[in-house]
Structures are given as C-alpha cells and as structure tokens.
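The data below hold one chain only, encoded as structure tokens and taken in the form predicted on its own.
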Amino acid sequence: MKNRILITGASGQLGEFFVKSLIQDNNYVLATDIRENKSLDCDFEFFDIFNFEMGDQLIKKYKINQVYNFAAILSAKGEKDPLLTWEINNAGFINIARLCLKNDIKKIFWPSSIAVFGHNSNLDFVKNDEAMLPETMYGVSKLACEKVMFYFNSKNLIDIRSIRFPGIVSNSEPGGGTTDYIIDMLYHAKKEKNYTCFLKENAFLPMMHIDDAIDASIKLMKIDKSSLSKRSPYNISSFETSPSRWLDLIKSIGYDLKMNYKVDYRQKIADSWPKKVDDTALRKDIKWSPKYNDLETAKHIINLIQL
C-alpha cells in the first residue's frame, strides 16, 4: 500500500527536504505548518499541532497512515523562551501521538537530537545508551519525548522511530540551532562577506549532510521492526568539525572567507554536547553509511546556495 504521509513543520530546516525525498520515493505527502511554503511540490495545509480537531480532520480527509513530526523550537532559540520550547516540543509531540492513536496510525518518525546528552555523558565519544542530563530546554524536551517514545514502543501502542540528529548541513537559511554556524559560514563565503562566529575556533561537534540524514531516516522507517535493536532513538553522524576546521575547508575549495570570533551563550550549549557519537547500532541495524564526508559536504552545499 502506498504510504500517505503527513509532515508537520514542513516549512522548517528538515521538513522541506523530507517532502521532496518522500515524494520521489513514491509516497503521497501532505505538508503542514503554521507558515506557508509555496516551494513545496505537494498538497499543503495550515496546521498548528495544538489544534487536535484540525489534525483529526486532515488525517481523515487525506487518509493519512504515517506521520513525520518535525514541528519544534531549536536549541539556541529555545533558551530565550524555555517554557514555550517545552510546550511546543512536548505537548506537540503528545498531541501528534494522540491523533495517531485515535486514527489507528501505527508509524511515526520523530527526530531527536544530540542535545539530549550533557556533561555526565562521555562527550568525547557518546554511545547510544549513555547517561543523559541535558543542559538546555531543547535537550530536556527531546529527552522527555524519548522516554515517552520508549513507553509507546514497549507497549506496542505506536511504532515511533527516531534518530538523534547532529548538526545538519543544507542550503536552507540558518534556523536558530547551535550548529547553524556551519551553514552561516557557507552563506557568508558565497556572499563574499566577513563572518563573526559565536563558537570558539576549536569547538568540535558532529555534523552530517542533509541527504545522508534523510537517507538514513527513510531506511529506518522502511525496515521491519524485528530488525531494530532499539526502542529509543539511534545515534547518527558522518563527520566532526569545528569553526576553524570548517574555515580551512571553505578556503580549500576556493572561497576566501574572512572570519573572527565573538563567543556568546551558544558556546556553553556546545560544551555540553558530544564531540563525537557512536552510531554503530544504526549502521548495523539498517545497513547504512554516509555518502558525504566534510569536504564533499562543503563542496556540494555551497554550490546549492542561491543568493
């Protein structure tokens, strides 16, 4: 049966890319958001994830049988209004789960984040089932949803699948994440403008190309549940980089980006996140490996940026 997929947060950093890939994979896609996106090549409806009645109507009208739930507030923005971040990230997650239970939708994809880890985790190399005491409301909200996800999966109420995304490198405009410097640097290089970085030059964090993130997510959704060793989210990564390392890569592909540093509150967030993650479980369970390393990512994404 052809999947009929509802995507929340479809106008955000991840949503629009998933829309395109899922359509190409021969799925029907209904994109939803509280902001219109006329570039999406599919049906679109305005939908606030707190509006249960509207969600119920859309699921019935479009005969939805899967949900990709991307509606969320990201890390740096989340620290400016932590209570709103908790409400949108958690109450929104629960509302989508309620809608799926009511309409007998068995499968959800929901992205978690490396933000669930903290200083009590082994940040030099974080294993999949590491101790977690996140230090941002974004991380706290994601971890709370991870626990609810584990409950739903353990009770066989809903099949929720999830990946803890690192920094995602795409050609979308930066959207309020601590790792967004990596995209912002590419934009500034393309515009031939100087860039001021908010992280220290040696602040290493795990990253990956958007296409690799999508490929792994769709593979995870397709695979038989019996092949999965985790009822909670999987770690994933492709490469690790820092602002100074990324600057060197940008220069190596022919862009003379000038950069200085003005470290702000986002450095403290980055200090509580992994420098490298162990994604052995995901690679083994879904037989996946990334196609892009750091240099290939920089080359590909900067060529996609249109000014």
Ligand SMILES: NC(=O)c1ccc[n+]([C@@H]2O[C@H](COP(=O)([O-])OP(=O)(O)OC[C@H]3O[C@@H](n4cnc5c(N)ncnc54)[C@H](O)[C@@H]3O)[C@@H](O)[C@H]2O)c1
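None of the values given here were measured: they were computed from a predicted structure. When you see a residue number, it is the position in the sequence shown, counting from 1.
A second form of this protein, the form predicted together with this ligand, is not displayed here; the remarks below concern that form.
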Is this ligand in the predicted bound form near all of 80, 117 and 274, within 4.5 Å of a heavy atom of each?
no
How about residue 112 - does it come within 4.5 Å of this ligand in the predicted bound form, if we only consider non-hydrogen atoms?
yes
Report whether the minimum heavy atom distance between residue 34 and this ligand in the predicted bound form is within 4.5 Å.
yes
Is residue 290 close enough to this ligand in the predicted bound form to count, meaning some heavy atom within 4.5 Å?
no
Check residue 134 for me: does it contact this ligand in the predicted bound form (non-hydrogen atoms, 4.5 angstroms)?
no
Checking 28, 62, 261, 50 against this ligand in the predicted bound form, the residue with a non-hydrogen atom inside 4.5 angstroms turns out to be 50
In the predicted bound form, the residue from 160, 186, 100, 72 that sits within 4.5 Å of this ligand by heavy atoms
72
Sort through 224 to 232, 151 to 159, 119 to 127, 138 to 146 and report the only stretch with a non-hydrogen atom within 4.5 Å of this ligand in the predicted bound form.
138 to 146
For the heavy atom contacts within 4.5 Å of this ligand in the predicted bound form, list the residues of 178 to 192 involved, in sequence order.
179
